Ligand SMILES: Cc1cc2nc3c(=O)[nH]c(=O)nc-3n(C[C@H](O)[C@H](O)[C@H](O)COP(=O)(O)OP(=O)(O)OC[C@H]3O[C@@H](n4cnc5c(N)ncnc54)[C@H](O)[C@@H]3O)c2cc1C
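Shown here is one chain on its own, the form predicted on its own, set out as structure tokens.
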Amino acid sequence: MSMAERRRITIIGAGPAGALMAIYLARGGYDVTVYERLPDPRIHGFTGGRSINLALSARGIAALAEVGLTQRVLENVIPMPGRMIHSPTGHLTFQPYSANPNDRINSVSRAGLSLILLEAAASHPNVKLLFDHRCVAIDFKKSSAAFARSASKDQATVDVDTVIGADGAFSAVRLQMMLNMDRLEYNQSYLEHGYKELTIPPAAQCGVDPGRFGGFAMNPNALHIWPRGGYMMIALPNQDRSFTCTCFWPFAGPTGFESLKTDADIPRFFEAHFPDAVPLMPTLVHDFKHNPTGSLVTVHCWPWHLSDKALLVGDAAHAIVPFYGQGMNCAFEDCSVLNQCISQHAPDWGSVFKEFAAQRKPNTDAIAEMALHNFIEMRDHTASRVFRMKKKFGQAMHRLFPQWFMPLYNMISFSTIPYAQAQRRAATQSRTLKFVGWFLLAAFAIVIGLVLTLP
């Protein structure tokens, strides 16, 4: 790479997407500086109000493979080949995600994954990581950015050529672009539901036989769901043999967070709605009272880039709700596609950004819509016998006709088929199956009619 092609790439945000993008760029020979508003988790530990664990699937794994980190990350995951549905009476039903037993999503620690990515980024001599640097202003005309430091209470202004905003749903880079651009469309929409995280500790701490599930209080190889129609609780396993439970409830109403006003309300509500979980949650009241209640937001904006100066990736461009487990996987796929666009178009960074946005926008819009739909499926339908029959039928069709039929969940979680293409293909498959169903029903009716008219 010539000096004329060499640019100062500035990444705002050192979360999983920002760190992964830094690795891609460093491997491509670029000088990269990553700024993060939080303290260095390698020194101070992981902080932040977001989910403790994440679901890693095919798209995220494919991106990690491109930078040589697959094995290192997969050594620290817990595979989940299906859902474990908890009925109101405590009855358990396991629902495999796929007809292929090798298909699974993987529970991974957000903190552990972030540390692996940061260490990998820091190992490159042309990557510089700066923590406790909050972006407060970007002057795109002067190619400069200002950062505030809480530790020293000072402010620094630095030169930047190209800025990549990987700083989350409430992106400072996006705000600076909005202040410097005409007609940047932006929309954020919140669900009437929020989330709160609780804990199921290892088996020995909640009176469960530690030998039954290898020290876990429940089967660790499943995503546990308590679907209750309109609201739900889920649980993902952690490496320390605990589970992180997440309540997705309305903020208001009789089954909402606001309805639990006293200490006595908390166990009473859980006994009524999640009775089999209560004996496994010795710190339920404390956790519920002291853990924050978070909001669930979907972000749409356009355009994602400002000429060749700045680009948004991940949640900064397209935050989605977590109900397909695709937020991180989608952001990692962003990094992979952006790397491809850089390989094809750099040093024409305007073309890089334009091509990237054109490729990704239809797909991120599609997964945002599907994630909202999957919330309804998880909370309202997974306990239904009809739903289970449809899932089994879809898996049987996939086994019989793998080239022709693939369930939507398989396309999203176990392939790298573009999200929008998967959505269209699923709609076509659904129409075809309905047609086949009506045809078979009509044929059956004709046969019955003929039989009845026989002498």
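None of the values given here were measured: they were computed from a predicted structure. Start at 1 with the first residue shown and count on from there.
As for the form predicted together with the named molecule, it is not shown, yet the points below apply to it.
Okay, which stretch from 83-91, 274-282, 365-373, 323-331 lines the named molecule in the predicted bound form, with non-hydrogen atoms inside 4.5 Å?
Every other range fails; the passing one is 323-331.
To verify the annotation, which of these, 208, 135, 342, 129, has a non-hydrogen atom within 4.5 Å of the named molecule in the predicted bound form?
Answer to the contact question: 135.
To verify the annotation, which of these, 216, 270, 140, 195, has a non-hydrogen atom within 4.5 Å of the named molecule in the predicted bound form?
Looking at the other structure, the residue within range turns out to be 195.
Does the named molecule get within 4.5 angstroms of any non-hydrogen atom of residue 172 in the predicted bound form?
Contact with the named molecule, yes.
Classify residue 64 as contacting or not contacting the named molecule in the predicted bound form by the rule of any non-hydrogen atom within 4.5 angstroms, answering yes or no.
It does not: once the named molecule is placed as it appears in the predicted bound form, residue 64 has no heavy atom within 4.5 Å of it.
Can residue 55 be called a contact residue for the named molecule in the predicted bound form at 4.5 Å between heavy atoms?
Contact with the named molecule, yes.
At 4.5 Å between heavy atoms, is residue 38 in contact with the named molecule in the predicted bound form?
Output for residue 38 is yes: heavy atoms within 4.5 Å of the named molecule.
So which residues in 14-31, when you check the named molecule in the predicted bound form, have a heavy atom no farther than 4.5 Å from it?
Result: 14, 15, 16, 17, 18.
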